[in-house]
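Here you get one chain, nothing else, as structure tokens; it is the form predicted alone.
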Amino acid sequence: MRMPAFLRLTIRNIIVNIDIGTLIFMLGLPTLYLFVMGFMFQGIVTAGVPVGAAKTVSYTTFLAPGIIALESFTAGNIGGSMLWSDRRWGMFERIMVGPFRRIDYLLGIITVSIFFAFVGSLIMLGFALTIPISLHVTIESVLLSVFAIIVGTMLFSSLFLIISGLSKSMQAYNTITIVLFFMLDFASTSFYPITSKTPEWLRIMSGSNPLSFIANILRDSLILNVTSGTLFYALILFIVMVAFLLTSLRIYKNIRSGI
């Protein structure tokens, strides 16, 4: 039986993205966050970090799910950068005149992003367990975590596809993505909790950040603090993903080869 076209493109995309730059971006930077911030802030936040109404965990335990959430964000960038590069160097046109359809190319991009997100998440989880941290894994927490990673990766893949489709130059694409990485990374709950002392404007920015949704779902799932709020985050994450995906499909449909 012949392999589906989108899976062949997925394999191609995996091979293309196994380079030192991508690996450093996908694994090196989150690992640096995990160990440097984990060990440095653990000595400062000695009282622990509140999770929920009556539970407190160590800072490293709080940080680990946030670092895992970052993998969905970084993996989502792969699709946008690949689409731009393929258009820039004529590969998109060559693929389209081959035995592939536009939907195959799109599925190949989304699938490779999910693949890298899962691989990166498992590696980050393995690193986190060496710190050590107090995570509790159950069937329910695994299913909810898988949901957050898949939906979150599709959301960010769609976002970066939109940026790639609208950007007029590689410099513009890179500038926008760099700004987004700084804003979404550090204005999220990946690294620190939102408390009553958090400024209102920052609380709003973090609370509406999709990366915060993913981090909150993973954190609640992996430290056994799943509440109705967790399910609400999951619902909002899914709705935002669908909205971004539909927008990216509309833009992608009008993309032509070349720049």
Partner chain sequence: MDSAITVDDLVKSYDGKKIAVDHLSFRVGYGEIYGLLGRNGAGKSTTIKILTTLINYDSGNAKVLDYDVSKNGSEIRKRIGVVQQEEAFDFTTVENNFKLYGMLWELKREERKSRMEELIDFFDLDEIRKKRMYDLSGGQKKRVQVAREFMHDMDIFFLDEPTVGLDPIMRRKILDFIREYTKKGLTVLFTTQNLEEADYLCDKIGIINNGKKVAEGTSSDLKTKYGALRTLKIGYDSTIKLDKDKVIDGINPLYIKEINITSDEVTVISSYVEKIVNKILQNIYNAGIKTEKILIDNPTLDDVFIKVMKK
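What you see is a predicted model, and the numbers here were worked out from it, not measured in a lab. Numbering follows the first chain given and starts at 1.
Form predicted together with the partner chain: not shown, discussed below.
* So which of I133, L144, M91, L107 gets a non-hydrogen atom within 4.5 Å of the partner chain in the model of the complex? -> Only one listed residue qualifies here, and that residue is M91.
* **Of V16, L249, I236, V242, the one that lies within 4.5 Å of the partner chain in the model of the complex (heavy atoms)** => For this set of options, the contacting one is V16.
* Contact flag, G126 vs the partner chain in the model of the complex, heavy atom cut 4.5 Å -> Although the partner chain is absent here, G126 would stay clear of it in the model of the complex, with no heavy atoms inside 4.5 Å.
* Indicate whether the partner chain has at least one heavy atom within 4.5 Å of a heavy atom of L23 in the model of the complex. => Close contact is absent here: in the model of the complex, L23 is far from the partner chain, nothing within 4.5 Å, heavy atoms only.
* Please run the contact check for M96 against the partner chain in the model of the complex: heavy atoms, 4.5 angstroms, yes or no? => Because a heavy atom of M96 falls inside 4.5 Å of the partner chain in the model of the complex, the answer is yes.
* Asked: How about F100: is it within 4.5 Å of the partner chain in the model of the complex, going by heavy atoms?
  -> Contact check for F100: yes, within 4.5 Å of the partner chain in the model of the complex.
* Considering the partner chain in the model of the complex, find the one stretch among 67-75, 109-117, 83-91, 174-182 with heavy atoms no farther than 4.5 Å from it. => Of the options, only 83-91 has residues within 4.5 Å of the partner.
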